[in-house]
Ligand code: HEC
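As structure tokens, one chain now follows by itself in the form predicted alone.
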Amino acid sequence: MKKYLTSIFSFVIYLLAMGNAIEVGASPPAAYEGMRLYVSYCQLCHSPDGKGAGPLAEKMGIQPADLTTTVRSRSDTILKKIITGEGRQTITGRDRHNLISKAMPEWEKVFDESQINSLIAYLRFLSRSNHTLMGDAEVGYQLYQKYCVVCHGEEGGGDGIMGQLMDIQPADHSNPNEMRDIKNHQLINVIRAGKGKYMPAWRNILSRSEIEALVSYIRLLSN
């Protein structure tokens, strides 16, 4: 008990000393940044789910590729060339961006390399994940920084300062092998009701929509 109280006291002192450093220093996963780019630039044509039935595509009478299947067979290098419009295919000689659609814009002058890598990370999520983003992941990001980072760590690896001080191992949200088999409703239930000795129940703090947003952000951590 004495060790436990000492750990809690040390933790409180740490928070007072650090102020908002945890929130400021947090680094979102690439898939999260890619999602933000996708929402702003891509979903009008490719649709929110990536299947290519966006409202602008319908208006223009075009059929963008279904990214949930197209992306799987292409390397990051090829995807970069498709997005930027750089280079030509070695075999056919066709423009890279035309592999997606003749109406596919060339984004070379819009996105920098980091943004392209982030966008690809999100496209990988769309093509691999069996779980939908049921809430607003941007809201989920803010909630994760406020309530979850202290135990689960900035990247979701279960290495937050609270876990270290209390000598416990919180769930690793960044491990795709562990997260793949956990359904959205199971995550919701754990967040609402808590689990085991150390995972608290958040049902009296977070609304249903906030919990769904939090689950969406957690999904991007394990991409």
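Since the structure is predicted, the reported quantities are computational estimates derived from the model, not experimental observations. Sequential numbering from 1, following the sequence displayed.
FYI, the form predicted in complex with ligand HEC isn't displayed, but the following is about it.
Chemist: Is there a heavy atom of Pro170 no more than 4.5 Å from a heavy atom of ligand HEC in the model of the complex?
Modeler: The answer is yes: Pro170 has a heavy atom within 4.5 Å of ligand HEC.
Chemist: Flag Lys195 as yes or no: does it have a non-hydrogen atom within 4.5 angstroms of any non-hydrogen atom of ligand HEC in the model of the complex?
Modeler: Close contact exists here: in the model of the complex, Lys195 approaches ligand HEC to within 4.5 Å, heavy atoms only.
Chemist: Determine whether any heavy atom of Ala30 comes within 4.5 Å of a heavy atom of ligand HEC in the model of the complex, and answer yes or no.
Modeler: Taking the distances in the model of the complex, the answer for Ala30 is no, it never comes within 4.5 Å of ligand HEC.
Chemist: Would Leu165 sit within 4.5 Å of ligand HEC in the model of the complex, counting heavy atoms only?
Modeler: No.
Chemist: Check each residue of 34 to 50 against ligand HEC in the model of the complex and list those with a heavy atom within 4.5 Å, in sequence order.
Modeler: Those in contact are Tyr41, Cys42, Cys45, His46.
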